[in-house]
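Just the one chain here, the form predicted alone, laid out as structure tokens.
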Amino acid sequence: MSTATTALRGKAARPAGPIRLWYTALVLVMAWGLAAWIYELRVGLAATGMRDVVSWGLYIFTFAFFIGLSAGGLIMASSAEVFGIKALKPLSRLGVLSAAACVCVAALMIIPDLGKPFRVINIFIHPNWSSPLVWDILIISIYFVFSVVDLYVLQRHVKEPSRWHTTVRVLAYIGLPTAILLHSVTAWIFGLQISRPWWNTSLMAPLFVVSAILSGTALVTLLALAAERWGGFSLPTETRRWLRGFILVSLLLDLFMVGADYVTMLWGNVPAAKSAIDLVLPNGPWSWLFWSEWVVGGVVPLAFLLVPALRRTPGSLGIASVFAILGVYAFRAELVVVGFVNPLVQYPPGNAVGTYNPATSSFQMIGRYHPTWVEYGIVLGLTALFLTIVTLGYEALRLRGSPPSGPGPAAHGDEPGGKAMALGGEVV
């Protein structure tokens, strides 16, 4: 009987009012996102802030961000089984659920970036197998199917532990390298672009994997804390300790790798690389991303994880998780946009923007990018879809995941006589 396993309390249903309000808010945000996408389909990509110079924007760095969240969730869930970390097993199903929801939303994020959604069919009809983009689509599809199957098996394992134990373990050994491969392939879309020094580094894949573990663990932590606050979930102290350790170690590794890349560019002083990094250093026009990554996403969470007085603050783990996620998102924005701001060819009159406006020039020497309401609407709508999937999935786990009742002491946090369901598939 595992003392590290958390359980859901079998108590009376929660008030319907807050739940109804939550779903109403999500539906309204998704409706706004759908309306923004319909508008974009009518107007074209000119409705966005992207142009020929900066052709990847909010959609793509949010796509890379959600891919990281999904990979991190499955890595943490698989590690619990592969490395025998019993304290993380209570979060296995929650991690796999978040992974499936994230990769689903990440795949959908590509559609509005194409402008014409039917163009995605060309990837399957005329695949270019030498392109990392094709391999990324393939691994995303495999990953989504695997996550759904894994979640189903974990759910069955709750009621029939002896029958499904071997299958759970086999899937964990498959899931761990699959999650690492998913984010590595996404990283190679950037890292293999030899004409863009800002991206062309062998550190890109390991950096993406580490940041995925960081953001994915932070996301699962927030979901677990939210479930504990509003969903009858109990998070053991030992699990909190492991989550804190995962976030701390991955955050330090993430900052070290980004810093090592900065030092290499500055020391080498290659003009193309130097012109890119100058954009994000403290005096550059995109320095707010630098401060967001290193201070908001680095110093602040480290303080809440390491400083004793702050560690004792109520909600310190959740605060550190939020700021860590913001830091990773800032890194994704910095990576994508700054890689485009300096065009590959910089000669007068500049690069064609791709649209005509009598008030401004149709050429740019330096790229400019500001997301429009359309981009914000679509991204927020898809984020609301993610929250909807997770909420509905969690409710399904609560209602259908209770193991058969039997003799023995009540689970930790359970009320006497109540049923318990462990999110990791292990009954207390």
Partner chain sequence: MAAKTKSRTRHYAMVIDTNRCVGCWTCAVACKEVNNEPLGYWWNRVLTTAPNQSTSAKPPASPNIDVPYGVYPNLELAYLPVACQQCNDAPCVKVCPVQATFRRDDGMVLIDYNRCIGCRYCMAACPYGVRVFNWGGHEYAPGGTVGYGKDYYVDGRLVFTPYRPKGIVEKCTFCVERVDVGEKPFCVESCPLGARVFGDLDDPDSEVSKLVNEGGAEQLQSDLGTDPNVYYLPVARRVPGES
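Numbering follows the first chain given and starts at 1. Because the structure is predicted, anything quoted here is derived from the model rather than measured.
The same protein also has a form predicted in complex with the partner chain, omitted here; what follows describes it.
Here the chain stands by itself, but in the predicted bound form one stretch of 256-264, 343-351, 91-99, 203-211, 343-351, has heavy atoms within 4.5 Å of the partner chain. For M50, a non-hydrogen atom is located within 4.5 Å of the partner chain in the predicted bound form, even though that partner is not displayed. The partner chain in the predicted bound form is approached by F363, whose closest heavy atom lies within 4.5 angstroms of it. Put simply, P127 is close to the partner chain in the predicted bound form: some heavy atom of it is within 4.5 Å.
In the predicted bound form, no heavy atom of P314 sits within 4.5 Å of the partner chain. Put simply, of M30, L45, V390, V379 only one has a heavy atom within 4.5 Å of the partner chain in the predicted bound form, and it is L45. Only one of I174, L310, I85, V120 lies close to the partner chain in the predicted bound form, with a heavy atom inside 4.5 Å, and it is V120. Judged against the partner chain in the predicted bound form with a 4.5 angstroms heavy atom cut-off, the residues G115, V134 and P271 are in contact without exception. Using a 4.5 Å cut-off on any heavy atom, the residues of 194-208 that reach the partner chain in the predicted bound form are, in sequence order, I194, S195, R196, W199.
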